[in-house]
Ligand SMILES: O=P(O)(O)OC[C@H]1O[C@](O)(CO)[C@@H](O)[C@@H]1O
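Quick setup: one chain, the form predicted alone, written in structure tokens, and binding and motion questions come after.
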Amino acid sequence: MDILFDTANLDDIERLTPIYPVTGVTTNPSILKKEGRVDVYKHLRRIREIIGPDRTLHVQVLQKTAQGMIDDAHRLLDKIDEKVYPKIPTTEAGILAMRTLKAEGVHVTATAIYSKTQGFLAIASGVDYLAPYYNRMQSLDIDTKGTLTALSGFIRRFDAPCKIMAASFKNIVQVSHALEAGADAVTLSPKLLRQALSVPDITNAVDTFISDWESVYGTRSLPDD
């Protein structure tokens, strides 16, 4: 199971990566916009420095034509490093770009997936990750869990070297449902993870344990011997 941070905030990435078992970082133009008018390549290279070479870094292309997407992908590889996963939208032009980049040996993440059809076309194109937009699919009354389950079945049936990386979450329940439905990876805001671990019931349970121990032993720590 892969857990990725869906953020470009350097402070959050630097502070929280040592704590959580994250395997990478995903970004897109909307996420980068929150950081202001940064030097994009310098910013992305700094993310790479923080997460190291063994975690994955996924960055969105901007162009809409196949050649434009391919050119954008080459820019990312040149300006950041050769391990970047260009994020390619799963359109007709995107499918051509994916196939071309995979033929070059580039890691590719297929994004903007809302349907089984998009998913199996991306799988057949040899991509490394599929990124279904979980919350956006639910908002459109799409059978999100059914779609993820079907895509997971396609991958197993054809032994495809591809992982489902569910994205676009508004709450932690959606994250759990995505994993239950067959997602191999999830990318989400660090804020969602922190909220999940800071609910009052968890804090109250810890405080009760400490209070009960102190009532018997008169201390709030374990003995040295």
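The first residue of the sequence shown is number 1, and the count goes up from there. Everything numeric here is computed off the predicted structure, so don't read it as measured data.
Form predicted in complex with this ligand: not shown, discussed below.
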Can you pick out, from 160, 31, 192, 179, the residue that has a heavy atom within 4.5 Å of this ligand in the model of the complex?
31
Does this ligand get within 4.5 angstroms of any non-hydrogen atom of residue 26 in the model of the complex?
yes
Even though this ligand is not shown here, does residue 90 get within 4.5 Å of it in the model of the complex, heavy atoms only?
no
My question is simply whether residue 45 lines the interface with this ligand in the model of the complex - judged by any non-hydrogen atom within 4.5 Å.
no
Taking this ligand as it sits in the model of the complex, is residue 120 near enough to touch it, meaning that at least one heavy atom pair lies within 4.5 angstroms?
no
Mind telling me which stretch in 194 to 202, 47 to 55, 160 to 168, 66 to 74 gets its heavy atoms within 4.5 Å of this ligand in the model of the complex?
160 to 168
Partner contacts in the model of the complex for 194 to 210 (non-hydrogen atom within 4.5 angstroms of this ligand)
none
